[in-house]
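Quick heads-up: it's one chain on its own, the form predicted alone, in structure tokens.
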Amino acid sequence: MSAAAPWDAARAREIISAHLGLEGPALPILHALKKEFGYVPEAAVPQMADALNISRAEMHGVVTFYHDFNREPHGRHVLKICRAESCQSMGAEKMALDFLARLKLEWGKTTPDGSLTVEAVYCLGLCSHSPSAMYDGEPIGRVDGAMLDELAQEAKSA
């Protein structure tokens, strides 16, 4: 994963302005902010709302509706663990909760060393290979606790 730029309100205004001419600019703006900063900073919400002439509450609703627009920086690596029905039926929930307990982490949070963010995802389309996960955008089927531990160790040492 490439390093994101630190938050810069002036740069955010440039990004927002560059996308205002698009039809339905909210999502392109959010994607561009995430690409630039690695997340959508809370400070960007009022800027976007003002530029789009909508309330801050409406803009906040858009940002929080889409799971891919994280509102705080992610770790250097991101592990998404499927919590959909097929994966649950194959023991994913207990496996994931045990893994989070070993890391002393909650869903959506990042390890203290910044190496790994663990998120829930609701279907990766790998139902025939349940339980499944995605590590830095790469799908992994038939995941078990040992594999999760190896990914966490890999993230830490990378």
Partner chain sequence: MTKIYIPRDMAAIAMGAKRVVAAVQKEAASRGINIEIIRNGSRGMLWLEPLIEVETPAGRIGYGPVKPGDVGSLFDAGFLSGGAHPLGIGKVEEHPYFARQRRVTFQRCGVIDPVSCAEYIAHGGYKGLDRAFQIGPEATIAEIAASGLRGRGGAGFPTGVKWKTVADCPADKRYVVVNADEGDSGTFADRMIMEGDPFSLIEGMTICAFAIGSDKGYVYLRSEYPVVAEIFNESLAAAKAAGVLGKNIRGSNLSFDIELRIGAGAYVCGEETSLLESLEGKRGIVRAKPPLPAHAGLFGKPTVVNNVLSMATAPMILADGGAAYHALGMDRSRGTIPLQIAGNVKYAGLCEVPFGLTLDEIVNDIGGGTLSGRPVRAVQVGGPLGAYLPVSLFDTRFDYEAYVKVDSLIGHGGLVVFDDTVDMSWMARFGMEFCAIESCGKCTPCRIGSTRGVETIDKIRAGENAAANIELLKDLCNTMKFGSLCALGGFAPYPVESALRHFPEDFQKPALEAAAE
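Since we're looking at a predicted model, the values are computed, not measured. Numbering follows the first chain given and starts at 1.
Not pictured, yet referred to below: the form predicted in complex with the partner chain.
**Student:** For the chain shown here without its partner, which stretch in 111-119, 36-44, 98-106, 125-133 has non-hydrogen atoms within 4.5 angstroms of the partner chain in the predicted bound form?
**Tutor:** Selected stretch: 125-133.
**Student:** Just checking whether residue 84 would be counted as a contact of the partner chain in the predicted bound form - the rule being heavy atoms within 4.5 angstroms.
**Tutor:** Taking the distances in the predicted bound form, the answer for residue 84 is yes, it comes within 4.5 Å of the partner chain.
**Student:** Within a 4.5 Å heavy atom cut-off, is residue 142 in contact with the partner chain in the predicted bound form?
**Tutor:** Because a heavy atom of residue 142 falls inside 4.5 Å of the partner chain in the predicted bound form, the answer is yes.
**Student:** Might residue 9 be said to contact the partner chain in the predicted bound form, defining contact as any heavy atom within 4.5 Å?
**Tutor:** No, residue 9 sits far enough from the partner chain in the predicted bound form that none of its heavy atoms falls within 4.5 Å.
**Student:** Can you tell me whether residue 150 touches the partner chain? I mean in the predicted bound form, with a 4.5 angstroms heavy atom cut-off.
**Tutor:** Heavy-atom contact with the partner chain at 4.5 Å: absent for residue 150.
**Student:** Heavy atom within 4.5 Å of the partner chain in the predicted bound form: which of 62, 51, 92, 32?
**Tutor:** The residue in contact is 62.
**Student:** Counting only non-hydrogen atoms and a 4.5 Å cut-off, give the residues of 35-58 close to the partner chain in the predicted bound form.
**Tutor:** None of them.
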